[in-house]
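Here's a solo chain for you in structure tokens, the form predicted on its own.
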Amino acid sequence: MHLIDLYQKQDFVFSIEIFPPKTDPGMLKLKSILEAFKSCTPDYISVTYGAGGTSRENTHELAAHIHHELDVPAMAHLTCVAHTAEEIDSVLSKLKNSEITNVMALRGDPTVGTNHFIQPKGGYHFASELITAIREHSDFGIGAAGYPEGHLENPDKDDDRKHLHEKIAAGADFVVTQFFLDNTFFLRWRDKLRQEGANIPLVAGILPPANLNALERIAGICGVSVPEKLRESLSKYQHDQEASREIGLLHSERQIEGLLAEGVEGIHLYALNRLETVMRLGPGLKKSALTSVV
């Protein structure tokens, strides 16, 4: 099954993103946590790809576990970083053999020790090129990334959307956004893309802030704006981890409520493998979406 079928059949799709641990004990622990994730009835779970493909085998293992053992649709991430076209083809063949039929196609972040992306020799430079290769390889469902505030490396937002249109033209079925903390950025971006002719699902990525230091670090890396009210609240309780988590979860709940009211096609929850995040935000989310539609 391709994930686009879910977006076409349902008014709302709830998905969760996890990352593969690097150790065997970590993998075992996450697999047990995924059982609880399943109880929140996600429509699918996506598995990220380590920097430079360092965790690609674990990505494959987790995606296969989610699909075969949990009976939940899985999407495996794949990046251009440090891979030749032949290596990409090999990864795709392994995924296909494991009946993983959905891929999130990304350019990927620069490798450790560099501050900009370097095209691998014999590899791809843009996500659109990777999407074309996936589409030519065999019958995969393909997701692509979108940036409501623009990609950090591209200050020209119009040009950034142009690159997204190129991904769509190459064969992306749907777009999942980088996280954002102010819905205004997503809604303006979505409306602009619709005006420009983009007619595939545009899915909102949500990341609950855990604490101020971690938020400022990841927001800086991703070029995401932090609302001043949120910053002030987290700053006030920066030495109280439980209070900080609650502030972050409440902020995400308000974001989700606002997005549902605007008819968003899906919420993609960046869970960071945290059980408490999924258990807090997952249950009832689809029910709330149905209520907002009605």
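From a predicted model like this one, the values you see are computed outputs, not experimental measurements. Each residue number is its position in the shown sequence, starting from 1.
Here the subject shifts to the form predicted together with a small molecule, a form of this protein not shown in this document.
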For the three residues S15, P42 and L70, which mark the spot I'm curious about, does each lie within 4.5 Å of the small molecule in the predicted bound form through at least one heavy atom? no
Listed residue that, although the small molecule is not shown, lies within 4.5 Å of it in the predicted bound form (heavy atoms), from L92, L106, L202, L207: L106
Heavy atom within 4.5 Å of the small molecule in the predicted bound form - the one residue of H137, K192, H165, H151 that qualifies: H151
Which of 212-220, 126-134, 182-190, 82-90 lines the interface with the small molecule in the predicted bound form (heavy atom within 4.5 Å): 126-134
With a cut-off of 4.5 Å between heavy atoms, is V176 one of the residues that contacts the small molecule in the predicted bound form? yes
Answer yes if any heavy atom of A145 is within 4.5 Å of a heavy atom of the small molecule in the predicted bound form; otherwise answer no. yes
Is there a heavy atom of F37 lying 4.5 Å or less from a heavy atom of the small molecule in the predicted bound form? no
